[in-house]
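Read the single chain below, which is given as structure tokens and is the form predicted alone.
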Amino acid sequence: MTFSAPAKLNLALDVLSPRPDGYHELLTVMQTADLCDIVTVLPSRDGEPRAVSNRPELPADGSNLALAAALLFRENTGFPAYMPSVLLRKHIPAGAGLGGGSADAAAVLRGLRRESGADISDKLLLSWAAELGSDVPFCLFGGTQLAGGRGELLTPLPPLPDCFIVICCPGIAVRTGAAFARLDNTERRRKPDISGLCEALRKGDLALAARYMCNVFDDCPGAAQSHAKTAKSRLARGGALGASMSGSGSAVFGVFADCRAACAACAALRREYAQTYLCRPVPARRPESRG
């Protein structure tokens, strides 16, 4: 059973107050992009669950979100009948704010529901996704959504108008917990206008939406922010309508209306940053049940 797992971007991200559960209240507009991992669920040869990846630094045990998703689905439904292993062909950079692990977990939950034919409502599947991680619920259906809470409270938005997205990763892995700790001790110079972005999306105005793209993690000190500033400047010079960091970093993306400009910017950045990708936005998946 093989499933596609597309990346997520934070078109705008604001971090609010800390929560008693150790997370933070968030307000963010999230978008799916067609940079994808490929996830395969198959029988374990020796009865021991494990994750195998083309990136050996990733965990092979139940702390791997894709494997955790397969085990959670099996625990709740009995499917698959065998003990699962997960094979990951990773294309989404790790520790880049692109939700690679969350996308993999969501693909497993979504795919196993389809393959099993089990009568599992969207509401129940979303609750399982929330057990696994804050970005997993969004990644289940993707598209363009407003997310609140710790990321699990979702409201669909009109889709981002068709465009070209250049994603640039400097190869610096950012630990999310450490980034939030730094943010709590950083004076913030800018606050994203989430309502302005939502209104621009309702108008279907790509250029206006791009001007509202903003991330509070830009204010955090660190190597990722230094590279992000350089990458955003180059994207802007290359014709991007707007550019921002995704998640807590280190990936930066720029939105282009013109394909040639996007291709030229991608090629120029790739000469310095090997992990640079030309992508398109992905619309929301249709829910498979009404529950």
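One rule holds for the numbers: they count along the sequence shown, beginning at 1. Just so you know, these numbers come straight off a predicted model, no measurement behind them.
What comes next is about the form predicted together with a small molecule, which is not displayed.
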> Okay, which stretch from 164-172, 192-200, 133-141, 120-128 lines the small molecule in the predicted bound form, with non-hydrogen atoms inside 4.5 Å?
Replying inline: 133-141
> Of the options P156, P221, G78, G177, which one has a non-hydrogen atom that comes within 4.5 Å of the small molecule in the predicted bound form?
Replying inline: G177
>> Please identify the residue among R211, H91, R74, R150 with any heavy atom within 4.5 Å of the small molecule in the predicted bound form.
In response: R150
> With a 4.5 Å heavy atom cut-off, would you call H24 a contact of the small molecule in the predicted bound form?
Replying inline: yes
